[in-house]
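Coming up is one lone chain in structure tokens, specifically the form predicted on its own.
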């Protein structure tokens, strides 16, 4: 059923040009709580190599680097990466960050080279979900973790309100993780002040 497809905004392409910079600026504010939540789930430390897929202006990537992790921020939109590089110059973290222009379906990283992957409010935009999950599974080490976070949306939502996941879409992604060789997949709901989010956590 189309209403259960987790990448239901796969054809949304408004992150380039001037609009991309505007969208990136709006993502700087209000994403800190999301970043702290997934960092806590991942239990990051200096032994981790984290890949942030759809990193946007880099809020969560910089948080991970401040915790000592080696970080690779990946985004297909050049405006997002330019903002991420610029903001990192002014908010230089402790750990190492590399920025790569790429999509989830081609991570350009070696097999079994990453301990944690996460994607915040981005999986619903991935063009090819099967290819993206295959890439995530390929680059993760044994015992690695993948975390997808999205805003919780009610069934039938339209417009901006639909940019997130219904309960059915979150459960559908969890089922896909098992199909792609993850050992476990867990759906959790969270209240971050007024913001209601859902995470799907897969472990290899």
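Here the structure is a predicted model, which means the values were calculated and not measured. Numbering follows the first chain given and starts at 1.
Form predicted in complex with a small molecule: not shown, discussed below.
**Student:** Taking heavy atoms and a 4.5 Å cut-off, does residue 121 contact the small molecule in the model of the complex?
**Tutor:** Flag for residue 121 set to yes.
**Student:** Heavy atom to heavy atom, is residue 144 within 4.5 Å of the small molecule in the model of the complex?
**Tutor:** So residue 144 does not count as contacting the small molecule.
**Student:** Closest heavy atom of residue 137 to the small molecule in the model of the complex, within 4.5 Å or not?
**Tutor:** No, residue 137 sits far enough from the small molecule in the model of the complex that none of its heavy atoms falls within 4.5 Å.
**Student:** Counting only non-hydrogen atoms and a 4.5 angstroms cut-off, does residue 55 reach the small molecule in the model of the complex?
**Tutor:** Although the small molecule is absent here, residue 55 would touch it in the model of the complex, with heavy atoms inside 4.5 Å.
**Student:** Of 133, 114, 97, 77, which one comes within 4.5 Å of the small molecule in the model of the complex, counting heavy atoms only?
**Tutor:** For this set of options, the contacting one is 77.
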